[in-house]
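Taking the form predicted alone, here's one chain by itself in structure tokens.
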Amino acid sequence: MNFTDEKNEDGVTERGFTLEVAGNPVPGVLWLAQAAEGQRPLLLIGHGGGRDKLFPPLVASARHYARALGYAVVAIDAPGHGARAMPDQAARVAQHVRHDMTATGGLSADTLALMMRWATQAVPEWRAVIDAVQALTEVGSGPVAYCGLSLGTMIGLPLLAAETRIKVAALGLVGLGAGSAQLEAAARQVSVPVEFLMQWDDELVPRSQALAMYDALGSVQKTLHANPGRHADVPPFERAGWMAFFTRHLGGIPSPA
């Protein structure tokens, strides 16, 4: 892990890094309370499609978790996003999604297949990030949580199926439809507590498909949160509520022995 920059603000240290995985540089950001020492929970944040690791609401949430709970928080650019996107790639994907919204009433098989290719690549990248971050003395091998909506869930499901260090997850804005067999198989392997979020009027994920995804989750402990509104209209209180959800399952920073 090569740290590239650092800044301190309002009690939080933000450190940019690059980690090489399978020959590909993976850019990310780590947030910690200033002067953090010793083992602590680690929260992984997966961004949505068309966003990146420095999407302002993501950064605000990461800083809050680091400052209020003492968690280590990390985000990376998903394949094809942020610093990893080709100049015209993001615009092309956005065009495909707009077409899907108007022509098919959901994500097309081609768009879904592209996102699943990104998810397949991202799983070993996230696992390498966990290894590298937990090797830091100021983080250590504490429990791990994952949160991510939309593309963040499409990446999170196979990651949860593969990675036993993740103990709890907040997911949503993804459904099961044609071409979703890979996602469904991953969902059925998930066993950790999950909060699953859906938007009742989602223009990208039909209501029936979102409910099918929730039903497919293999977790014994799972809750469904549904709110009126379109795909991007997630109420702020849902993200704020994740803090109580994570602390209920992970606690805070362990007390010194």
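Not measured: the values here are computed from a predicted model. Sequential numbering from 1, following the sequence displayed.
The form predicted together with a further copy of the same chain exists for this protein as well; it is not shown, and the discussion that follows is about that form.
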Would you mind picking the one in 60, 224, 68, 232 that has a heavy atom within 4.5 Å of a further copy of the same chain in the predicted complex?
-> 224
Taking the partner as it appears in the predicted complex, which of 60 to 68, 45 to 53, 28 to 36, 203 to 211 has residues with heavy atoms within 4.5 Å of a further copy of the same chain?
-> 203 to 211
Would 3, 7 and 23 all count as contacting a further copy of the same chain in the predicted complex, using a 4.5 Å heavy atom cut-off?
-> no
Can you tell me which residues in 158 to 187 come within 4.5 angstroms of a further copy of the same chain in the predicted complex, by heavy atoms?
-> none
